[in-house]
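A single chain, nothing else alongside it, follows as structure tokens in the form predicted on its own.
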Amino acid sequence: MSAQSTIATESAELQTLREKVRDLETRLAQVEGRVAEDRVSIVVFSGDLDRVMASFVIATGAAAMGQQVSMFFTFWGLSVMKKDRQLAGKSLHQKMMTLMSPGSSRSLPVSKMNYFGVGAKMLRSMMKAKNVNSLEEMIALARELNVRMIACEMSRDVMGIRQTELLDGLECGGVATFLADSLKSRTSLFI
């Protein structure tokens, strides 16, 4: 084999090798884009005190362990983030929905044995006796730990809940906001 022929063969092999490396780099970038981060995403659909407490225990626990946490409050879960009720300027259905749903986290029922609010009061009393943080203290702790809390815009709109009825500083977003966080999370929960 002549020297020119050897150089041409080596050049072709080098070109093939470069193409394989570029292909591998592209594939690696795609895989890296799909690797989950140290995140937890939680959809808070329930407006029941016991279920909401569980979501905040998980959220604050994960945040305390250094994970990024986002909580997406939708439908009945929005009651957790209400600070008061407003009826003025709402349609009849929206007024009825406002009156029939809890006005704030302090008036959430429990999922079992609520008995017109007695169950929720008993649970809060038992938590206090055991030095367990109240829901309101858990919400404050979550804020201190930089847990991202998002109110679902669509649910808010459908149920006639205004931004001014929600806790101050609460972020509003759609499902795309939640999915963007969820796709990067190792753990996604629906409570």
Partner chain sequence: MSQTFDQVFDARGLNCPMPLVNARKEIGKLEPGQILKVMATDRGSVADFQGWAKIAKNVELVAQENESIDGATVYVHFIKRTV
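Predicted, not measured: the structure shown is a model, and the values here were computed from it. Numbering follows the first chain given and starts at 1.
The same protein has a further form, the form predicted in complex with its partner chain, not shown here; the description that follows concerns it.
Looking at its partner chain in the predicted bound form, residues 99, 106 and 159 place no heavy atom within 4.5 Å of it. Listed residues 68, 60, 46, 155 were compared with its partner chain in the predicted bound form; 60 is the one with a heavy atom within 4.5 Å. Residue-level contacts in the predicted bound form: of 123, 135, 166, 141, one residue has a heavy atom within 4.5 Å of its partner chain, and it is 141. Contact annotation for residue 34: none of its heavy atoms lies within 4.5 Å of its partner chain in the predicted bound form. In the predicted bound form, its partner chain lies farther than 4.5 Å from every heavy atom of residue 28. Shown alone here, residue 146 lies farther than 4.5 Å from its partner chain in the predicted bound form, counting heavy atoms only. In sequence order, 130, 131, 132 are the residues of 116 to 132 having a heavy atom within 4.5 Å of its partner chain in the predicted bound form; the partner itself is omitted from this view.
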